[in-house]
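Here you get one chain, nothing else, as structure tokens; it is the form predicted on its own.
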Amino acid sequence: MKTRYTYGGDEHVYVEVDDEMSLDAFFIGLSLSRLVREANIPGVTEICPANASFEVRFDPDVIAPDEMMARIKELEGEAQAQEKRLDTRIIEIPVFYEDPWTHETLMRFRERHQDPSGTDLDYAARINGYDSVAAFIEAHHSQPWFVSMVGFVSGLPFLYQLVEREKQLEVPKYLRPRTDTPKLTVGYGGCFSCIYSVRGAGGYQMFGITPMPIFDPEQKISYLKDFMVFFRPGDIVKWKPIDRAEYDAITKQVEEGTYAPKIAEVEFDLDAFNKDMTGFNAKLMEALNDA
């Protein structure tokens, strides 16, 4: 793992902890970006974290670009020595897999897909070695996921599967992006799952849809009144498969202001997770079941 520092014009420094995603890289990036923030370096105006990287925006009239980069580099050793531990929360996200809305959309864009003859789930199951879509869906929802970044569009979470690397699902994006994706689509691209917070263009494979809004700029939804964005980096997600009746019931609760996401406070310890992934995940899900 070798950190790469590059300039982004005259006002940005981009810090990439590693060229591939891992939880080790995420935690180092998180620690380093926090140390930069706590250092109160004159001229820093914004720090934007990503999956295993972050970008610092600064005023070059206050601090020169080379000095800015040097100040960040000075903190790298301390960041690598930080404990990879986080007080966070595990959240249950209901998912209506194989729903009619994403199905209608994906069928409109088959000419942009690797396999026009089937659905996104058919393709994902086949290339990951599963005998059926049902078996692939079970692999998608059976273990928890780690929110490594929020962004790209407002409120969209990138989720990294908490399993051994050789067991992680991998599915490429569409050959050419769609011009339409239903709001709250549960998508997949590379090693990341996501939830499309708003309707719009997209290239991730579409697996289903959640009835639980995750972004509300008007802050009218009951659980988004304090902040318009639901997710934050470090959150842990457990997908819960639901059917159409459950989808409609939750949608009604959201509209009435009575829906409350199922959440439990937990600690994520990367060393403990790496020592026993199955056992650690079981404890996370037990905490959620007890909530």
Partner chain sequence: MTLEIVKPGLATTVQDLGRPGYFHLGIPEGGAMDRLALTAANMLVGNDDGAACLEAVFMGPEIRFGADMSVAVTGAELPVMLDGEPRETWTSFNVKAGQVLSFGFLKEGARIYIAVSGGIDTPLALGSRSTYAIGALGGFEGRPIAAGDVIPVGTADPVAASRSVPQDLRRRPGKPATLRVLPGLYWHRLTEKSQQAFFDDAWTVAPEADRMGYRFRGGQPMEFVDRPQPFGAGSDPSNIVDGCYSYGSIQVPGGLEPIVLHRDAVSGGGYFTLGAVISADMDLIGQLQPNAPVTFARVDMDQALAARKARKEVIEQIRQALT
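Residue numbers count along the first chain shown, from 1. Predicted model only: the values in this text are computed from it and were never measured. For clarity, a rigid core is taken as the largest C-alpha set superposing within 1.5 Å between two forms.
Separately, the form predicted in complex with the partner chain exists; it is not shown, and the next lines address it.
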Contact label in the model of the complex: residue 38 to the partner chain, heavy atom within 4.5 Å = no
Contact of residue 14 with the partner chain in the model of the complex (heavy atom, 4.5 Å) | yes
For residue 217, is any heavy atom within 4.5 Å of the partner chain in the model of the complex, or not?
-> yes
Closest heavy atom of residue 241 to the partner chain in the model of the complex, within 4.5 Å or not?
-> no
Answer among 98-106, 130-138, 85-93, 149-157 for heavy atoms within 4.5 Å of the partner chain in the model of the complex: the stretch 149-157
Within 4.5 Å of the partner chain in the model of the complex, heavy atoms considered, which of 250, 70, 264, 228?
-> 228
80, 145 and 234 all contacting the partner chain in the model of the complex, non-hydrogen atom within 4.5 Å = no
Sequence-ordered list of residues in 63-89 near the partner chain in the model of the complex, where near means a heavy atom within 4.5 Å | 65
Rigid core fit then residue 24 CA moved by 2 Å or more between this form and the one not shown = no
State yes or no: after fitting on the rigid core, is the Cα displacement of residue 276 between this form and the one not shown at least 2 Å?
-> no
Residue 66 C-alpha relocation of at least 2 Å between this form and the one not shown, rigid core basis | yes
